[in-house]
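In the form predicted on its own, a lone chain appears below as structure tokens.
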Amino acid sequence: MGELTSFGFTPGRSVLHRLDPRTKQMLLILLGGVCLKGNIVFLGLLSLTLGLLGRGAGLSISRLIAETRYFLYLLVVVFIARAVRFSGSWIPVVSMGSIGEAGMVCWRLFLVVVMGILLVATTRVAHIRAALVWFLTPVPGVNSRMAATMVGLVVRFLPLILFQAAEMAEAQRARCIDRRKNPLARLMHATIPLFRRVFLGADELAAAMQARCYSDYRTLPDLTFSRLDTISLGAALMISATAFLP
């Protein structure tokens, strides 16, 4: 499955692989939050940093773009919706200001998605789960282990769902379903079988977990902060500070 999609853990010894999973989640929350309001300097620095870290982690940019192509289609729709304005007489108007604003919005959303992919690609699911338990345990009213298990299952099975979607798309292309002119029919032929397979897979997984007496109270891997985590958090704060430059 690792050869079929980038949305899965890839073993390695890069900087991202050696960071504590709690640090990576804090960086994702910090940089993702600042990214939504960041200026062009912050976005440029963050893009450069993510590019270097992703290359160090062995992630191919071309493959990343290929795997996120459906999200890129969505960004194109967002770009058009943000760039095109309508005058009082409902005439579409496009200005350089609206194009720049739309480009910034898409740039921010893309960086947030890339940060999530880097987190998943360089962190084992068990470590993501352990970090979530560490974060959620002090929160009252939240079953931290159950919440972490749910997130871990989503992360683990997201590549499988994407693989099934790609497999079904190829099967439909072989049957010329993608040439139908009715977009609603194409959407129904794509989504209904996919959701059916996902729900059947979820049922089989739940049955398998019950058969093996699965419990949320499993032994979690040990997590340790290191000097590299401190340096990474400091660097992230410095990059975040550029978002508030005039």
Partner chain sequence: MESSALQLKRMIYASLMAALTAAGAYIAIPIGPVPIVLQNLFVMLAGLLLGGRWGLISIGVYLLAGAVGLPVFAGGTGGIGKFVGPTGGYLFGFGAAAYVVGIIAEKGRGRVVVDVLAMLAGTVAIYAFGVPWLKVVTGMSLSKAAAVGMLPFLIGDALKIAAAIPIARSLRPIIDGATDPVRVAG
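Positions refer to the first chain, counted from 1. In this text the structure is predicted, and so the values were computed from the model without any measurement.
One more form of this protein exists, namely the form predicted together with the partner chain; it is left out here, but the text below deals with it.
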- prompt: Does T23 make contact with the partner chain in the predicted bound form, using a 4.5 Å heavy atom cut-off?
  reply: no
message: Residue-level contact is defined here as any heavy atom of the residue lying within 4.5 Å of the partner chain in the predicted bound form; does P221 satisfy this criterion?
response: no
message: R186 versus the partner chain, in the predicted bound form: is there a non-hydrogen atom within 4.5 Å?
response: yes
query: How about Y217: is it within 4.5 Å of the partner chain in the predicted bound form, going by heavy atoms?
result: no
statement: Partner-free chain; cross-checking the partner chain in the predicted bound form, the single residue of A171, L136, V76, I99 with a heavy atom within 4.5 Å is L136
- request: Any residue of 116-152 with a heavy atom within 4.5 Å of the partner chain in the predicted bound form counts; write them all down in order.
  value: G116, L119, V120, V125, I128, L132, L136, M146, A147, T149, M150, V151
